[in-house]
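The data below hold one chain only, encoded as structure tokens and taken in the form predicted alone.
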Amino acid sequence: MAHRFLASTPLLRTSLSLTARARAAVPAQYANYVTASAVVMAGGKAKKAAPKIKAQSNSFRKKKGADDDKGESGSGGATRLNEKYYKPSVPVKVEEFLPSTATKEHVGQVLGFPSTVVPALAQTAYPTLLSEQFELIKPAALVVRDSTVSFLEKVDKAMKTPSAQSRIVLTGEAGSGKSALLLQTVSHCLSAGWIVIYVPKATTWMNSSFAYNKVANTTSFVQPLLASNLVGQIQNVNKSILDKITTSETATVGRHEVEKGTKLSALLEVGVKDQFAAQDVMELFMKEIGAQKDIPTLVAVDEVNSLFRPTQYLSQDGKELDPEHLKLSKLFLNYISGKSTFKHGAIVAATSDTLLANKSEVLEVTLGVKEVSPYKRLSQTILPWTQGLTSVEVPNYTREEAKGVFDYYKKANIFFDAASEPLFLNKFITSNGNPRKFFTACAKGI
């Protein structure tokens, strides 16, 4: 009864008419989402607001200058930085980072990625923190370090040996240049004609960023879109090489039959077009490139510690899945652990300390980075995947390396203060030669 009585009151009739006017002012697809604030605004439109009278003040005021109206954006609009406070960097001409220039003679020199490699690297994302530097200074380039030369010599030796003998994890303090050395390794191997599989952000494989489906009658799960994306990247990066390699047998991938003698580039195309076949395509592809002896293979994985801890995917009973239950990560773990191998090639990975939540105690203990606690039991499902891995520590900059980077930054005009020897010493000492801190100190004036 109360409801019927209210419906006939003038107050509610006025409110309903305001609601109707508010609905009329809203697009049809949002018509069911009229809120109380919309009603109030509709009522406000019915009566024209009285003009506001600006209060006069006798206080002294600064005379408005020509630049005051420009604000942060300057005269060029909202997207332009104020040139009073911001100096755009200057493109720097550098030599290319090639197998012939990755030598002791070039230590301390900043070299750019080769023009033949840049399109391949563009198929994947750069590591997050390196991309900030590459966005600021063009072209994308990194300094040749002592650790670069010695490590690439180690990788070159893997050209004629099974990948199980060259399973290396780059370690070191946060910001020491692990991702940079891994990226230089990828560039080096692409220039040398290797098949390269580069995963710059393994964390996204584990943090439930992609949809996953359970495989019937198993405890395994597939990530169709992730697998299809990866297949497409590998195809685009290595197409000219994969056109020369064919499948050794007839096989079924998903709903498709792949005949013997099919080009591997064509095999990958199946996974690109049908994401639900991509996991089978990836497994067959890895098997085929592992069996051939003519071309070495590099698998490079950044943020690899995320593969050695429970994932953020949940099972049907709400428990966190271990990496081995995701078929794509298990496929890579087979090669990282040496259970599967390429006839010729290397597995190179880098740990990341950017996200503490992704650190793996099991991996750190295995690599000798952290001492095992006698009171804590390590995961017996993850521990077997770490056996046989070799650790290579990436140090901070030497003075020679840091000076080469400083001179590069000077040419790019990114300093707020005049570049000088005292300024270099200040940045080098305060950053302790840490590459990430050194870049931040130079680029942001910290």
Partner chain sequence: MLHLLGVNLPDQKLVQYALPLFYGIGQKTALKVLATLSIHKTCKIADLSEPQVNQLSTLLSDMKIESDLRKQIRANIMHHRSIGSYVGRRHAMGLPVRGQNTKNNAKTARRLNGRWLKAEKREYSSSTRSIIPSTDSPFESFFNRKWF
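Nothing here was measured: the structure is a model prediction, and the numbers come from that model. Residue numbers count along the first chain shown, from 1.
Form predicted together with its partner chain: not shown, discussed below.
Look at the stretches 204-212, 297-305, 245-253, 187-195 and give the one with heavy atoms within 4.5 Å of its partner chain in the predicted complex.
Of the options, only 204-212 has residues within 4.5 Å of the partner.
Evaluate Gly318 for contact with its partner chain in the predicted complex, applying a 4.5 angstroms cut-off between non-hydrogen atoms, and reply yes or no.
Gly318: yes, in contact with its partner chain in the predicted complex.
Indicate whether Gln312 is a 4.5 Å heavy atom neighbour of its partner chain in the predicted complex.
Contact with its partner chain, yes.
Do Phe134 and its partner chain share at least one heavy atom pair within 4.5 Å in the predicted complex?
Answer no; every heavy atom of Phe134 is more than 4.5 Å from its partner chain in the predicted complex.
Evaluate Phe221 for contact with its partner chain in the predicted complex, applying a 4.5 angstroms cut-off between non-hydrogen atoms, and reply yes or no.
Phe221: contacts its partner chain in the predicted complex.
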